[in-house]
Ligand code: TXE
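Take a look at this one chain, the form predicted alone, written out in structure tokens.
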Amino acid sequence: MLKIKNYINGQLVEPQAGRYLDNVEPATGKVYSHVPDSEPSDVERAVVAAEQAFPSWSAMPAEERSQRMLKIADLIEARIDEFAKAETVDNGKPLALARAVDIPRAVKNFRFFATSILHSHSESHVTGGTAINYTLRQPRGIAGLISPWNLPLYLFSWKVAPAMATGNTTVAKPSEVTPMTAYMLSEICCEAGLPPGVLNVVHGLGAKVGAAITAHPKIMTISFTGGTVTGREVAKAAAPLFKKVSLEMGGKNPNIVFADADMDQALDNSVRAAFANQGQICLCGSRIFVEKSAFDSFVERFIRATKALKVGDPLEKGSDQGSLVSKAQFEKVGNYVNLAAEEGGEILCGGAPPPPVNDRCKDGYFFQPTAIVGLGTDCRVNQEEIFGPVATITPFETEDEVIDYANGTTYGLSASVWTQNLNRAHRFGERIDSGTIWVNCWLLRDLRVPFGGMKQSGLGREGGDEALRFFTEPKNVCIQT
């Protein structure tokens, strides 16, 4: 059985303590590999390697760093089918989704940031005719990068690429639940000739590896994506050391459908927004609000479309829904569905595991896409992040009412609004408290725009210039003329 290794100082190495964790294929419920159960001592080795690599990597011309990163992108792309299958086995998502979205996006992340550093510029200011000020942006040193399990390589590369591109060296921790494609990226970096110590990947538990990264005094930049509870602990550990921190955390995103919307478009995308990746995307529109005059028709069509989704073996063609990522996540989703019934909700479809999809997956963590009506907007199911294939549908009458509903949680990551009224679209873009507002679309991403959340959904922004600024330190130089 494969034993995944850490990637430290340009080499694939076993954890110092020699201990491993089981890595389970969620579609079968069976262990199929082992992941290092690393210790803080492994993080320390990675920090030493990153510290030694920083002077030469940060001084390397941007064109050379760009070439190394473009080589990594090319090698991932050449093995796209292998990466996609590994992501599916590790995560449970449909193979078609991993092949069309996750792995191509990882390639784009490397290419985008590898080329963006070739077009940098500096601000300059003439001061009273007697001085010129200009701004340098220099790499900060060692960056600690912690990524989640729902979009493993997609979000891992979203952090690794800008950190490396701007001249930082890195100590990165992928989720111990989905470690495989980060391990494969390590192999790619060996093949691409990335200098030792530029990227270090330490696998293991958050309580040991993640905590050691956030607390290490030589790692002064932390980029974290994950749950709000863990993000709070990251912030608590980083604050006394005055680290620069970016936190992208949970979401409980509203999806608002007005009666004047293109209803075919709104319906198709609302189903996708609710259940893509089994609802395990921080941007999923799990709270659907429909204008009262269109509510009954929308619900009828939404249920029909949801029931048509095929829950199946994620490796088989035609599966719209795969398995949840773990037994713990499977149990969490079931508990919230039971809670919805206790809170007075009516489960219109789903609400339970499906019959076994095939013999191979008889012990997998599958759950049917679930739609619920009749819940109050302040109940736990409408307030807490479920992170599974569960959507609630609620009617509304006025703009002010649905704005209150949309903003009525502790989260503020994203929102979608479906309307053909342009003035209304602008009003909602201004009034909804979320980092991203999609109008007549969902998950339409541009790597140049700032991405992140408000309230308990996050701190700081990623993407484009925001990422390049986050991983660099601005320094003003004033020269008297």
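Please read all numbers here as calculations on a predicted model, not as lab measurements. Note that residue numbering follows the sequence shown and begins at 1.
There is another form of the same protein, the form predicted together with the ligand; it is not shown, and what comes next is about it.
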> Only one of Val234, Ala371, Val171, Leu324 has a non-hydrogen atom within 4.5 angstroms of the ligand in the model of the complex; which is it?
Replying inline: Val234
> Taking the ligand in the model of the complex as the reference, which of Arg272, Arg360, Lys332, Arg137 has a non-hydrogen atom within 4.5 Å?
Replying inline: Lys332
>> If we define contact as a non-hydrogen atom of the residue within 4.5 angstroms of the partner, is Ala211 a contact of the ligand in the model of the complex?
In response: yes
> Taking heavy atoms only, is Asp102 within 4.5 angstroms of the ligand in the model of the complex?
Replying inline: no
> Heavy atom to heavy atom, is Phe302 within 4.5 Å of the ligand in the model of the complex?
Replying inline: no
> With the cut-off set at 4.5 Å between non-hydrogen atoms, does Tyr154 touch the ligand in the model of the complex?
Replying inline: no
>> Taking a heavy atom within 4.5 Å as contact, would all three of Phe289, Asn382 and Pro395 count as contacting the ligand in the model of the complex?
In response: no
> Tell me which of 291-299, 223-231, 67-75, 350-358 has residues with heavy atoms within 4.5 angstroms of the ligand in the model of the complex?
Replying inline: 223-231
> For the stretch 54-80, which residues lie within 4.5 Å of the ligand in the model of the complex by non-hydrogen atom distance?
Replying inline: none
